[in-house]
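First comes one chain, alone, set out as structure tokens in the form predicted alone.
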């Protein structure tokens, strides 16, 4: 199959300057709710980019769990590869690929750890199995096979039995503090609509970008 022949014409909608909300957060919230109501699978899934110490970029998918005017929050193991990379370079970009709506949202900024209190509040809201999994998995470390993971999970389950599971010291949240948003809406003939909000002198400057 010649994948060069795979094509899609984008015809669902457009995005005009007059359509945009005053703040990028308000625009994101509008699009997020529209994607959620459209029934998109895992609407909060986002790709996040980090950079290794040798300069090699790394990308993986995580889940957005909170957002407000302070930023966008996801949770992970603080010993994971992504956490180590963020400790070296706190700049990152995330991407929401809402492709069935012919939309993408890109957000770039600095990352900071959230407080233990915030992490604990979210951790206690997770299903018990997910709480146990946070203790059982040494994320990004090499394991010989899945049986090792299952055995560790059983040990952790036996350890806590029916008691309250505490927040692991090496698990918690990161907040991405946005400096740039880009809203992309597919259009016919590849003349897509792209609008960028860029933070300058504590104000958001909005520009239309060529596709």
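Remember, it's a predicted structure, so these values are computed and weren't measured experimentally. Numbering follows the first chain given and starts at 1.
There is also a form predicted in complex with a small molecule; it is not shown, and the following applies to it.
Judged by heavy atoms within 4.5 Å of the small molecule in the predicted complex, the contact stretch among the candidates 54 to 62, 177 to 185, 146 to 154, 159 to 167 is 54 to 62. Although the partner is absent here, residue 115 sits far enough away that none of its heavy atoms falls within 4.5 Å of the small molecule in the predicted complex. In the predicted complex, at least one heavy atom of residue 76 sits within 4.5 Å of a heavy atom of the small molecule. The small molecule in the predicted complex comes within 4.5 Å of a heavy atom belonging to residue 42. Taking the partner from the other structure, the small molecule in the predicted complex has no heavy atom within 4.5 Å of any heavy atom of residue 124. Just one of 100, 89, 130, 81 comes within 4.5 Å of the small molecule in the predicted complex, counting any heavy atom, and that one is 81.
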